[in-house]
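To begin, one chain is listed below as structure tokens, in the form predicted alone.
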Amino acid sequence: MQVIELSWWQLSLAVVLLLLLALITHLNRLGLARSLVIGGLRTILQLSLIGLVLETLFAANSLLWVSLLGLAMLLLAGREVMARQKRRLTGFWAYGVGTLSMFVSSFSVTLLALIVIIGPDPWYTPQYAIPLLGMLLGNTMTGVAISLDRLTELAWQQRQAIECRLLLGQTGQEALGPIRREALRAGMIPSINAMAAAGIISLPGMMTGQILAGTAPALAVKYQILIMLLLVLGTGLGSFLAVVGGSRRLLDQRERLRLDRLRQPENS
């Protein structure tokens, strides 16, 4: 099946439509025009840049360059997790908890998929390693950010109830148990919803891209099933590690609630 090439002038038509949407939101005073324009520009620039980088990586096929790009993706994802939290942990922990959680979950699941399941030769082949790691980091980032934000916000809102549980003799982890479960549930909901809607309400992005690129639908479906399951695994593991690490940081060695370790939002 022949793949239809897209020229830049054809893509520019989509840009014009986005600008039209921004104009409509501006005229209706929705306050979204600036965000739409900036988001569109970032999308074009970032994807164009990563396209050039990937072409170079594919040609080099080097473990070193694949590892460096993966590290850069991880560090940027950690920054995004930190920025999305209203009451984030103070100091390095605001960055470290989310980044370490994503590193353990995303990289371990990616290695599992490359070495055990897919098995490209060599296992770090950029064509497989970078897209897999990127999808896992993107979804895990969302789950970790939601979980940590929910954990810290609930700890602040329910601080009196938590301290009462501690006074009644519960351990710190027991006292934080309800908000830990709620935070983990919140981080997992997007992934669970995506699984429930896949193939019925929507065609996932990877499957759609493969079919548009000429891949047989049956093969595209197999890859999409694999990716969906890996994404849920990575998101669940990352969210769990983030909640565990964040909740430990909210307690000191004497099992006391330490809300002074939370950075308060400026408008609070």
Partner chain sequence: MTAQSLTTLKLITGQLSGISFKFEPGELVCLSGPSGSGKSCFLRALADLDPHQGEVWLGDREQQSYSAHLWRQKVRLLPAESQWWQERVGDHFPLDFDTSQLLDLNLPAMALDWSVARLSSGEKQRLALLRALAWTPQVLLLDEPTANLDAQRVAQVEDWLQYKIRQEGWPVIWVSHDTQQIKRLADRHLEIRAATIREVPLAGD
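Keep in mind that what you see is a predicted model, and the values were worked out from it rather than measured. Positions refer to the first chain, counted from 1.
One more form of this protein, predicted together with the partner chain, exists but is not displayed; see below.
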(message) Looking at 110-118, 95-103, 75-83, 153-161, which stretch has residues with any non-hydrogen atom within 4.5 Å of the partner chain in the predicted complex?
(response) 153-161
(request) Identify which of Thr90, Gln127, Gln170, Asn193 has a heavy atom within 4.5 Å of the partner chain in the predicted complex; exactly one of them does. (result) Gln170
(request) State yes or no: in the predicted complex, is some non-hydrogen atom of Arg248 no more than 4.5 angstroms from a non-hydrogen atom of the partner chain? (result) no
(request) Determine whether any heavy atom of Leu166 comes within 4.5 Å of a heavy atom of the partner chain in the predicted complex, and answer yes or no. (result) yes
(request) Would you give me the residues of 189-227 that have any heavy atom within 4.5 Å of the partner chain in the predicted complex, in order from first to last? (result) none
